[in-house]
Each structure stands twice: as C-alpha cells, then as structure tokens.
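The chain below stands alone, shown as structure tokens; this is the form predicted alone.
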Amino acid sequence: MSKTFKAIEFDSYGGPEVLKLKTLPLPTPGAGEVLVKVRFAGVNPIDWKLRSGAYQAFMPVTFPGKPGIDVSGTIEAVGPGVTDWKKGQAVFGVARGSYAQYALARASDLAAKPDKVPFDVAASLPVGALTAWQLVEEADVKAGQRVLVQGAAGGVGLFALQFAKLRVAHVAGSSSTANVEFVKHLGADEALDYSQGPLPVKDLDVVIDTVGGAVFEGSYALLKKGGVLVSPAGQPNAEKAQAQGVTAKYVSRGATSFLATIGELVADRKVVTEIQKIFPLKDAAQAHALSQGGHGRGRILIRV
C-alpha cells in the first residue's frame, strides 16, 4: 500500500478554481476512527459554501481545506478501540475530506452498505437523506396531514418527499417545469411548477423548505394556524411565525445512527435516489460549479 494518496484541497477562499488535486501523506486513523478507501464522494452545498467563504463568520476553514462529507467505499484500516469494522467491509456514511482516495471517519459515522445498494447510490444518501429524515421528524409528519416539500427534486427534497409519503401524508412537491414529472415519479400527490406563479396550495399542516431565501419567507403564509415550517436553508423569524400562528424551525442533519435504516429502505426499493451527474476526482471544480448553479435534480457525485 502506498504511503501517499491523492486528494482535493484548497488553500484559500474563492471560486471552484481554488480546488486543487494534491499528493499527500496517507493518514493513520486515531482512536475511534477508521480509514476508508473511497469509491464515491457526494457533493453537498455546504462543501462549496465553506470553500467560497460564505460560512466564514461562523464556520471558518482551517487551511488547507479538505472538502467532502458523503462517502462510500471500503474499510482500509481501523484505529485503536474500533471493533465494529474490519478491513475490506463495504460502508457508507460521513467522513472528513472525502474528495480523496482515502478519508478518515469516525467509526460511529458509518453504516454497512447493503449488498443491493451500489457504491454510487450509497454515496448519494448520507447528508441529503439524513437531513430529510430529520426534517420530517422535527415536523412530526403524521398520516393524513397535508405537506408541501419546497424544492422536491433537489438533493434533500427528493428524500423528504418520500419520507413524508412513508408516513402516509398527502404530499405536494414544488419544482421547476423540467422536474415536475420527476416529482410525480417520486410519489407526490401533487407536483407543482413554481415557475407558473404562486403555488395553488394553502392551509397546509407542514411545509418542508429546502430552498431558503424568498421561498422560505413565502412559506409561512401557506400554513394553517398551528402549522409547522421546517428548513435546513432558512433561519426562522419568530415575529413572523407568531403573526401567522405557526411554528418555524431550523433543522440540521440527522444523526448518523439512522444511516442503516435509510440504507435498508433503499435496498428494499421503498425509497429511491437520483444521481444527476458523476465527475472524476480531478474535475471536482466542475462538480462544485454545477452544484452552485442550483435547480438540479438529485445528487452530484465524485468518482474516485
């Protein structure tokens, strides 16, 4: 085994062009850690927001930055105290700097990859599906409720829509014109085209917003009194929520302990994913540029 590996890093904030492919010394897993031989890495908005400096005020990067959270691959080595994993096991989950041939991860942040789930599909799940899981959980979606998922074709929205449907809710999903049929394919009871003007829904029990900005701000008025607005992309306005008589919550990624359950749902075809495009490791900058463009369908991956 080589003592070096190739990885994407960036030495300053900036556009996608600051991402560089480097040759680095192979890391050794510490206590409670494992070294994953990466097959695929997922691209998430937080990756390019950290790279651009958008989160500099509250999540500053220690340079060199090492992008990448989502990972699928096999266990290469285990650190002290790790007994749940052994070399060669196929896993998926959350790692540090997964745009690389090898990445370190906490042993507890990984789950066994089901045999029926390919490595690319597995890498498309962690952050998007865990965030969606937590959104549905925090909204306490129940059978028979009327739920709207804003951005239902995106990397979080596609999972949120399906998780809400698993709770037997009546789910509408908003998307661009190009993605309306895809949203129907995901199982939406109503597929709404946001380019056609104000959405024809109101008095909802729950709005799950994955878009933020003006979409998030406009979601308060779609709820009935006592309704719930949850989002990983917008910070709630307490005064606005109170005026509308609703509850608004910021929601972050769910616990990695849910990965195994999500993996089994995908293996059993009860939940599906969508891969928009796969880039080779050397083209990580192109992957970031595509992600920043928004309005995509599904997940973006990097093949290592």
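Start at 1 and count along the sequence shown; that's the residue number. If you're wondering where the values come from, they're calculated on a predicted model, not measured in any experiment.
Not on display, but discussed next: the form predicted in complex with a small molecule.
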The single option of Trp85, Phe119, Tyr220, Tyr194 touching the small molecule in the model of the complex, heavy atom within 4.5 Å: Tyr194
In the model of the complex, the residue from Ser257, Thr62, Gln242, Ser252 that sits within 4.5 Å of the small molecule by heavy atoms: Ser252
Listed range touching the small molecule, judged in the model of the complex by heavy atoms within 4.5 Å, from 76 to 84, 174 to 182, 221 to 229, 138 to 146: 174 to 182
4.5 Å heavy atom contact, Val207 to the small molecule in the model of the complex: no
The small molecule contact at Pro45 in the model of the complex, heavy atom, 4.5 Å: yes
Ala153, heavy atom within 4.5 angstroms of the small molecule in the model of the complex: yes
Thr131: touches the small molecule in the model of the complex, heavy atom cutoff 4.5 angstroms: yes
Pro27, Val34 and Ala100 all contacting the small molecule in the model of the complex, non-hydrogen atom within 4.5 Å: no
